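Here's a solo chain for you in structure tokens, the form predicted on its own.
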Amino acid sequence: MPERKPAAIVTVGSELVEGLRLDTNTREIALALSSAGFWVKEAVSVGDDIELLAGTLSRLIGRYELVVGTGGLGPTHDDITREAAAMALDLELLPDEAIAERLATIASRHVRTRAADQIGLQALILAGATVLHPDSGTAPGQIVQTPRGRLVLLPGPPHEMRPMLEEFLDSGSDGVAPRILSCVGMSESDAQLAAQEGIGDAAVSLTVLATPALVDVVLIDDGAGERILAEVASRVRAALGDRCFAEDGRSLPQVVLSLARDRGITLATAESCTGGLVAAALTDISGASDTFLGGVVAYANTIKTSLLAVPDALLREYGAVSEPIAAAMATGVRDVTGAELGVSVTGVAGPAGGTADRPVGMVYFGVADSRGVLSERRDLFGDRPGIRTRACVTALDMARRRLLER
């Protein structure tokens, strides 16, 4: 198998380094490059400083076979990537007549003459560069040869960047896409050790990415090839066990909805401490309406009794954060919505409200269907957002497991 070629990514914009906007391009580009046979060894964000950017580009193109930059190709005063690249490569910027003609129509819509002139700056192309024409937006991308390989300049907005990146990579690649095995309820260390058992001595690299209650095990071809990587992924999934819910990039809510759809089962949620996070996670998925009927945020006990028919006597005896109440909420939301499967959450998210008997992080979950009701206690950790996120994931996973039994 061919050795993966080293690459680097540069995202340009003061809004990124100053925290005003989140950089999502690096992740998307890195995954795409990995699938195309490149090994991203460095990623850097640079503010709108032309000398700093020129120096950064000069260093990277002297070290890597491929450097991909995004941002700074627009028409405003802080779009300095073209000029910085010209400085780094000691190349001229030359006007492209076809691009200039297209931009002239766009420039005519501007009232200020200077604004129209700035639009035209996007027609400046590095001498000898190949142009990547935009599907949307106004800024073209550019591919230029460097002493070691290529520099690819792409616009910053993801919807403009993405088709140009695909066009560049479609010109030919011999890479193998990484396998991502998504797991729930595992620590990073446990996932890493289980994955290493499956990898053995295969030429496959491992990365473990964790968020609250979720872990992605990323298997990267390091010379093994498609067939061996697939075999490794199968072994790793077996080692991870039923904690692994997907190896095709689907999220946990997507998996839950897919399982319900395949089985013809409708869902409903009853939430207290999560305040609707479970319902929101499900309805974030397009097409959820054919499976998810709705949810009740029963934060106050009066709502638990009036909307979910939780007996007041049960609340007085056991308290709102308890196994019987979780079971009653799951049954109640199933009854009130007509859903086949009801899922409930009630707990103490903190930081206030905890007691010796009901400490912060104590959360009860319930799932109810035609076969009966199952309720469980989990002791979750973290701050308030962390506990609520972990509770949301746990509720979804309980629904997934219940659906797998059907």
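Fair warning: this is a prediction, and the values are worked out from it, not measured in the lab. Numbers for residues come from their place in the sequence shown, where the first is 1. Think of the rigid core as the biggest set of C-alphas that the two forms share within 1.5 Å after superposition.
There is also a form predicted in complex with a further copy of the same chain; it is not shown, and the following applies to it.
Looking at G354, you'd find every heavy atom of it more than 4.5 angstroms from a further copy of the same chain in the model of the complex. Under a 4.5 angstroms non-hydrogen atom cutoff, a further copy of the same chain in the model of the complex lacks S375 among its neighbouring residues. The closest non-hydrogen atom of G295 lies within 4.5 Å of a further copy of the same chain in the model of the complex. Although the partner is absent here, K41 lies within 4.5 Å of a further copy of the same chain in the model of the complex, judged by heavy atoms. Here the chain stands alone, but in the model of the complex its contact with a further copy of the same chain, taken as any heavy atom within 4.5 Å, falls in 205 to 213 among 319 to 327, 205 to 213, 83 to 91, 248 to 256. Shown without its partner, this chain lists T130, Q145, Q196, S234 as candidates; in the model of the complex, only Q196 has a non-hydrogen atom within 4.5 angstroms of a further copy of the same chain. Contact annotation for the candidate site: G19, G47 and R384 all lie close to a further copy of the same chain in the model of the complex (heavy atom within 4.5 Å).
Taking a further copy of the same chain as it sits in the model of the complex, the stretch 272 to 299 comes within 4.5 angstroms of it through a non-hydrogen atom at T274, G275, G276, L277, A279, A280, T283, D284, I285, S286, A288, S289, F292, L293, G294, G295, V296, V297, A298, Y299. With the core held fixed, the Cα of V10 is displaced between the shown form and the other one by 2 Å or more.
Relative to the superposed rigid core, the position of the CA of R27 differs between the shown form and the other one by 2 Å or more. Once the rigid core is overlaid between the shown form and the other one, S45 counts among the residues whose Cα shifts by 2 Å or more.
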